[in-house]
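Consider the single chain below, provided in structure tokens and representing the form predicted alone.
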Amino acid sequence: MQTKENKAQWILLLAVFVIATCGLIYELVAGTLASYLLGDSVTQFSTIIGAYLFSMGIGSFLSKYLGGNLLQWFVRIELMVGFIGGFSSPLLFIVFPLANSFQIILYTLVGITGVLVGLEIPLLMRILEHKVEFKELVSRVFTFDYIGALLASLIFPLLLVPQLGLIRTSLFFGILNIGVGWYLLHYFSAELKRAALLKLTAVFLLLIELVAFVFSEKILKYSETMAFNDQIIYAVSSPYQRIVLTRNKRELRLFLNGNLQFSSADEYRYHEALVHPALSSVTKPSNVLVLGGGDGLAVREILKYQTVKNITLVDLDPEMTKLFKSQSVLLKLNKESLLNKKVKIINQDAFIWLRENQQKFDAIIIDFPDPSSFSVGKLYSTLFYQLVRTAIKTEGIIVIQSTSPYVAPKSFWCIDQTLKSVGFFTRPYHNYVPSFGEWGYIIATPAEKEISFHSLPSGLKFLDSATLEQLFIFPEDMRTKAELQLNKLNNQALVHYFEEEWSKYLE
């Protein structure tokens, strides 16, 4: 039969499990949120994990200065962790559009949470040191700690982010932290001073977090209203990104993770330039592959070619393609292209899909986001372009959106050199899109040949034969004399170039 002392020990060990789970969740929320808002997921996660672990070390060091009723300290800290960690995500979303020093606030919250979590484990070991044999104590505490961390790392990407989103996830675990603190207050009330006041504090904190949890979507919408100048007409979080659609009197705008993807006022300039120089140079294109482009706007342009019989669209995010197949205002914009019988939609990572693909295509249109993170940078790498090469016919043609040659010439010409290194023959070009400025593209062919443009489809708003020829002329300020590295998976040189060049432009 379990004694009261043994039961108390197991309750405290279960508290360790909750501490470890919640602590890692707060860390993962901060890292994910930073990569959403600031880009470069590897850098953000690396620095946040480092700052968190360092802060835990500081907390562990400071724990030796806490004396008196250690259980009382433990419960107080548990309540503070629940409150600060729980509100970390809502607070960061709200301050991001307002604060110039967002990263200082981000790392301050990470640091405070890390210090508090770092205090708890040493305190718990001191509470139990005279009740459990030392080797048994260490074994149990760290076993529960590591199991909690494993659970957090598994449920965060598979369950929490897709189902709850970042704000509700941090609030949920804040509620869990505070709930554990309240239970400890209830169970050990005889050993604690002013237990009733602490219980009242715990209930008050729980109510605040429960209210915030219920109104989490309104908190997110409020933060986005401050971040975007226009009316938000649609917003959803997928496992991959935050999708926001805004509208004003002149235009619709699509934002992914806060970055503008297109404006309805001038997207035709971008998509006509992306599709038609390549497709008009292919004699009777029939089978076309689109990588990215889940908005269906590139597909809209491809469907203007009567000879096209099959279009395969591979886009990672099903929420994106679902949105552009169902919302009436977007169906009007893309001319219901994703509902066309010629179009087959595959929601899968393009890298993985190409490895398994056995088809050969007349043309491949690559419309990925800019290489602002390593997860996207891999889609501009030598290995990826080798996979693309296996999917194109010998006489076929490929085109890649390649960021701005004016703002980021190193990035643009790095993509060009990377394509050449795997055996492609390239022909870079650019055009002006008012929402973005000068934008670059690269045509690539598996065999060297003279590219001649056949007649363009009728009804284009921007391109004609004369304009088309001008796209291939580069002024000197869109070139670079720097010696560039190829973008390989093991160096991701392109991501570094992109971050270096665009960060100067955005300052």
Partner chain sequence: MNRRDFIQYSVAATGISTIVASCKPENKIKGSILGASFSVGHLLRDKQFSSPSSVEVKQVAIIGSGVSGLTAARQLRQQGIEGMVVLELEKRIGGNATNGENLISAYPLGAHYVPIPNNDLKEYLNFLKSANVITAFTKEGLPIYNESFLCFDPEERLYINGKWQEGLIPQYGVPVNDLQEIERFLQQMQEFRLAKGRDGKDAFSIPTNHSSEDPDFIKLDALTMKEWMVHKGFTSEYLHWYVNYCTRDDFGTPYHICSAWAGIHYFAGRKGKAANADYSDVLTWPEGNGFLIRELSKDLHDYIRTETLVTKVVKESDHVIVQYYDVKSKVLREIKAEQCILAIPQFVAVRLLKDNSRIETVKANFQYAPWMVANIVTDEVEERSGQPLSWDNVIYGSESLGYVDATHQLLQQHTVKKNLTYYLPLTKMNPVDERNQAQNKKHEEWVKQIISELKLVHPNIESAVKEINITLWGHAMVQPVPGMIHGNLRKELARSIGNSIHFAHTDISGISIFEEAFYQGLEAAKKVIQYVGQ
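Please read these numbers as outputs of a predicted model, since none were measured by experiment. Positions refer to the first chain, counted from 1.
Another form, the form predicted together with the partner chain, is not on view; read the next lines as being about it.
J.: Answer yes if any heavy atom of Lys378 is within 4.5 Å of a heavy atom of the partner chain in the predicted complex; otherwise answer no.
T.: Yes, contact at 4.5 Å.
J.: Answer for Phe215 alone: is it within 4.5 Å of the partner chain in the predicted complex, judged on heavy atom distances?
T.: No, no contact at 4.5 Å.
J.: Would Gln485 show up as a contact with the partner chain in the predicted complex if we use heavy atoms at 4.5 Å?
T.: The answer is no: Gln485 has no heavy atom within 4.5 Å of the partner chain.
J.: Using heavy atoms and a 4.5 Å limit, would one call Ile11 a contact residue for the partner chain in the predicted complex?
T.: Result no; Ile11 lies far from the partner chain in the predicted complex.
J.: Which of 320-328, 378-386, 400-408, 73-81 has heavy atoms within 4.5 Å of the partner chain in the predicted complex?
T.: Only one stretch qualifies here: 378-386.
J.: Of the residues Tyr240, Tyr234, Phe142, Phe102, which one places a heavy atom within 4.5 Å of the partner chain in the predicted complex?
T.: The residue from Tyr240, Tyr234, Phe142, Phe102 that makes the contact is Tyr240.
J.: Ok, Ile365, Ala273, Leu116, Leu316: which has a heavy atom sitting within 4.5 Å of the partner chain in the predicted complex?
T.: Of the listed residues, the single hit is Leu316.
J.: So which residues in 474-495, when you check the partner chain in the predicted complex, have a heavy atom no farther than 4.5 Å from it?
T.: The stretch 474-495, when checked against the partner chain in the predicted complex, contributes Lys488, Leu489, Asn490, Asn491, Gln492 at the 4.5 Å heavy-atom cut-off.
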